[in-house]
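Listed next as structure tokens is one chain, alone, in the form predicted on its own.
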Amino acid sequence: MSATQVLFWFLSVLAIFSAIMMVASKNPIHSVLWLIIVFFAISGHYVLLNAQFLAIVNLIVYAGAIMVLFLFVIMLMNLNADTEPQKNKWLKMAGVIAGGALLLVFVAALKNADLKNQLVQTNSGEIGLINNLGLSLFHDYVVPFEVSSVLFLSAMVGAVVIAKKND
């Protein structure tokens, strides 16, 4: 087994364990911290696939900005067991059924996948490099990219208008 395979399996086990702990954790702050570990493990997978730009963007945007924002929001909300509403047993049952249906979809998708004939280029190739990403983004997908930027701009303006109405 090569060092790349050992690192892949270590990052995979770390990501799966952290994701399970994120869902199973009763404390919301601990859940956010487990999710940050998941993002670090995913960034490690990006580095193994020679997609350094995606790894850095994942760390900066998701683990750095969004998770810190979630952590601050959770801390400002001052969540505790006394103020938490009790969940209905039917709501819990619906969650279990929805989770089971999602698991069934994943298993069905993996059953039809031909995993043995698919090869991944690790530590070679130029798939995830910034040059190719930029060419693809601004050549093939320039219209959806610009539409999404206008959508984000309108969402920011809407958030400002909603915030100003409350004053």
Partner chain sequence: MLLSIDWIFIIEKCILIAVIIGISLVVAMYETWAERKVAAIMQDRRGPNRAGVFGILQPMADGLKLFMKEEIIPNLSNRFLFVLGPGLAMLTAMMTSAVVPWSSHLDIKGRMVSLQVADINIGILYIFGVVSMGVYGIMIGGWASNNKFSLLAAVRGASQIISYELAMGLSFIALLMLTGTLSLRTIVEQQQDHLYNFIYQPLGFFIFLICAFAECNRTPFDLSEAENELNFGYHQEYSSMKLGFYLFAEYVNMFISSAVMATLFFGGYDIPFVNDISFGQQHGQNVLAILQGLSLFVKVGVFIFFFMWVRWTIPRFRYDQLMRLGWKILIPLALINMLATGFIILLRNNGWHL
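Numbering follows the first chain given and starts at 1. Remember, predicted model here, so these are calculated numbers, not experimental data.
Just so it is clear, the following notes concern the form predicted together with its partner chain, a form of the same protein that is not shown.
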query = in the predicted complex, does each residue in the set Gly95, Leu103 and Phe106 place a non-hydrogen atom within 4.5 angstroms of its partner chain?
reply = no
query = Just to confirm, Leu91 within 4.5 Å of its partner chain in the predicted complex by heavy atoms?
reply = no
ask   = Within a 4.5 Å heavy atom cut-off, is Phe40 in contact with its partner chain in the predicted complex?
value = yes
message = Although the partner isn't part of this model, could you tell me whether Ser136 comes within 4.5 Å of its partner chain in the predicted complex, counting any heavy atom of the residue?
response = no
ask   = With the cut-off set at 4.5 Å between non-hydrogen atoms, does Ala63 touch its partner chain in the predicted complex?
value = yes
request  = Scan 39-59 and write down, in order along the chain, each residue with a heavy atom lying within 4.5 Å of its partner chain in the predicted complex.
outcome  = Phe40, Gln52, Phe53, Ile56, Leu59
